[in-house]
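Below, in structure tokens: the form predicted alone, a single chain.
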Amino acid sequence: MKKLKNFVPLLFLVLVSSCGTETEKPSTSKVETKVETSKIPTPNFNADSAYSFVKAQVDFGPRTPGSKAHAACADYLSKKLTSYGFEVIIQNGTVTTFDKKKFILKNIIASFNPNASTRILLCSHWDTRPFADRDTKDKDKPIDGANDGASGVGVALEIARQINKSSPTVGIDIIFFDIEDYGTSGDDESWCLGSQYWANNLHKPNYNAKFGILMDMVGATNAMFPKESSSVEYASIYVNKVWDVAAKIGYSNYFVPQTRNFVGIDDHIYVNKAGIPCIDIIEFNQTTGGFGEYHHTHKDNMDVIDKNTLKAVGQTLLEVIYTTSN
């Protein structure tokens, strides 16, 4: 019995020692942890709302520089953007038109999430042409500018409304350039006076954005938006980004994968000159080989505007914004 008693403690000690050695071995297996990041869903662009924004501008009458309609519309746009949580400033500057008239321009500049380092710039012009020089009658009277001006602004306002409801992580700047459409044929410098002024007098010192998107004539029925040649030259990566997104969500019948050289000058040229890669979404008409038949005529009224086109452009740009944000 004495030997047995001595053996049992010894056996117990060996077992305990063995177990202890096993548990102290370092683990060689790696446990992978996945960090889930919540993605912000892309809002649904409301074409009815965008259409109402276009109509509201047209209802003021032609927004020609210096007119009462111009002043009233500027106030409307500023208040709308402010109501959607944007910080708004009006950039004033004196410019001289080709016919030697002086006007005080109003560039309407709005910022959302102003402290974000990554920024996307959306822009359009909000003035209307003072004369219908491509029409056959009333050539000296101003046009409604439903598509040429108001459509891009209407899309931008609806984007602003959606951003206010579902905030992206990137910063969004919206600029409505003034006195874009007061130019004369053969003189490129006579156009885009608002964006020229802004490019030389940035609203914030050293302002910059990752990229910019100009919307010009983006609301007509069955509109076709090819890749505008200057946009491809200055900012091809962002042209491809937008057109790829449009194709992915079903709008390749609007955003056609062809490059066309049909724009002499537009606001995006001066945004690029300010150091921001900027593209131009602008309608090309196969019949005219240039702009739509309504262009710079009294036909540029609400009859031209199609909600389906507004939807195609607006939803594409929201998708670009929120995929960049995510």
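Just so you know, these numbers come straight off a predicted model, no measurement behind them. Note that residue numbering begins at 1 and tracks the sequence as displayed.
One more form of this protein exists, namely the form predicted together with a small molecule; it is left out here, but the text below deals with it.
Chemist: Taking Asp181, Val263 and His295 together, does each of them reach the small molecule in the predicted bound form with some heavy atom inside 4.5 Å?
Modeler: Yes: each residue has a heavy atom within 4.5 Å of the partner.
Chemist: Look up in the predicted bound form whether Phe60 has a non-hydrogen atom within 4.5 angstroms of the small molecule, and give yes or no.
Modeler: Residue-level check for Phe60: no, no contact with the small molecule.
Chemist: Applying a 4.5 Å heavy atom distance criterion, does Asp148 contact the small molecule in the predicted bound form?
Modeler: The answer is yes: Asp148 has a heavy atom within 4.5 Å of the small molecule.
Chemist: So in the predicted bound form, does any heavy atom of Trp198 sit within 4.5 Å of the small molecule?
Modeler: Contact check for Trp198: no, nothing within 4.5 Å of the small molecule in the predicted bound form.
Chemist: Indicate whether Glu228 is a 4.5 Å heavy atom neighbour of the small molecule in the predicted bound form.
Modeler: Glu228 lies outside the contact set for the small molecule.
Chemist: Of Met217, Leu193, Leu157, Ile213, which one comes within 4.5 Å of the small molecule in the predicted bound form, counting heavy atoms only?
Modeler: The residue from Met217, Leu193, Leu157, Ile213 that makes the contact is Met217.
Chemist: Work out which of the listed stretches, 271-279, 66-74, 48-56, 287-295, brings a heavy atom within 4.5 angstroms of the small molecule in the predicted bound form.
Modeler: Among the listed stretches, the partner-contacting one is 287-295.
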